[in-house]
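As a starting point, one isolated chain is supplied in structure tokens, in the form predicted alone.
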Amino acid sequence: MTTLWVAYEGVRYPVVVRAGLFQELGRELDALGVDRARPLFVLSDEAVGALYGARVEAALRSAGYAVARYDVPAGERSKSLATLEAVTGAMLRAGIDRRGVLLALGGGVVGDLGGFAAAVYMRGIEYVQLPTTILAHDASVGGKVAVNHPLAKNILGAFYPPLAVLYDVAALRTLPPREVRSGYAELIKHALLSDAAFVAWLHQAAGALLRLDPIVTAEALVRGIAVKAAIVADDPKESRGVRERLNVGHTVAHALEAAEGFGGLLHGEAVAVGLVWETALAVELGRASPALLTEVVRLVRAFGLPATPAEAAAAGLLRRAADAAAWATFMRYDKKNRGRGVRFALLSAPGAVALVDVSPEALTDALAAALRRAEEAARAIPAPEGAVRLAPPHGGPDAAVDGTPLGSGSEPATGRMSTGGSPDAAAGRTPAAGPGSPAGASAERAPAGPVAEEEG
């Protein structure tokens, strides 16, 4: 077991990394001072809830806690105001009061949505992050919580730290291969933010990490979490320009995701493209060497991730490779921006990042030149022999995206209340209400209608 502490400005909470934590949640909550009189609300998504929801509920009930659970549809489109309304409605119907504790069981989407729900519900209740993905080693640490707007990712949010992060790494074994690859994009980012030694180690460990070797994977996650925790402690509310370094690759990534309507392209896939494209921009602006761009492309290749929009589109991950001007439109809404300029966190070397503002007048031409350079670098570095196949198969978790128009926003929110982790719930069927269940909670679905629609 490894426990790291995130501490800053009167805030201190543990990040516990250990296999088997879900079976010991009662003991962990007891150690955090959560007494049995406080109602618990488990928020998950339909995929994770089917795998782990019942066992988490059972572990908590066996420890004497009263528990309700609500599952939202899986995917980035659940980070919307409509889904937030559905979640808080379920909390009200479940009788969650100000003593309640929300447990966010899932990946970065559930963590962001759950943390924001906790921040605004009854003006704030406590919550615990229960990450189940590799990507969530970044999203669950640092206290940034948010939902999306159709024009910009994470634009509606708060700084709201959790009571704890309890990371059961055994849950990673059920991740689809595409989710595994996507999750490592944030680890690549953390290595580039750290130093050359971490970058070299990550190159060597790539094969073991893709196989989810338990020892190597746990070490990688702990190292990534430590990098982020140190940066967060130095600038918890992004007011000193230090925490903004965590947005390396994310100005491009968030624009790609927004242009896709927050569907299809996974966050880590967008970050991989963003890391390459933004490093190419740093080279174009004279702030980085071509050798650094080569290094970033090699890292992305090692984990089977796309290096350019064209590669993502060819693999069916991106609906179409639009031109730089189309994506620049979405970058202008990025929350890091100051005044009229678009702000990038650009690498000059491993461990060295500068915040650079690009004027609106220069943005499109600069992006286009950087994209050409990124594509040239990617063509010069083929995928290593034996690398995982980039193109997702049809059907299943790796299915290619559909034809939803660019910038379409999210779908109407839906969700399902669990009433006790029955076999029906695990199978994805609506369970019947049972003794002790919230009244009317056997099946809850938000009204259909217009939807107003991770570090970043």
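Because the structure is a prediction, the values reported are computed rather than measured. Residue numbers here begin at 1 and follow the sequence given.
Same protein, other form: the form predicted together with a small molecule, not shown, and the subject of what follows.
For the three residues G249, L292 and K336, a heavy atom within 4.5 Å of the small molecule turns up in the predicted complex in no case. Considering the small molecule in the predicted complex, the lone stretch of 363-371, 274-282, 178-186, 90-98 in range is 178-186 [heavy atom distance within 4.5 Å]. Exactly one listed residue, out of L166, A171, V342, L163, brings a non-hydrogen atom to within 4.5 Å of the small molecule in the predicted complex: A171.
Proximity to the small molecule in the predicted complex, defined as a heavy atom within 4.5 Å, singles out one entry of G207, P150, G75, G316, which is G75.
When the small molecule is considered in the predicted complex, V300 lies well away from it, no heavy atom lying within 4.5 Å.
Although the partner is absent here, M331 is not a contact residue: none of its heavy atoms lies within 4.5 angstroms of the small molecule in the predicted complex. In the predicted complex, the small molecule stays beyond 4.5 Å of every heavy atom belonging to R245. Residue contact check for D71: none of its heavy atoms lie within 4.5 Å of the small molecule in the predicted complex.
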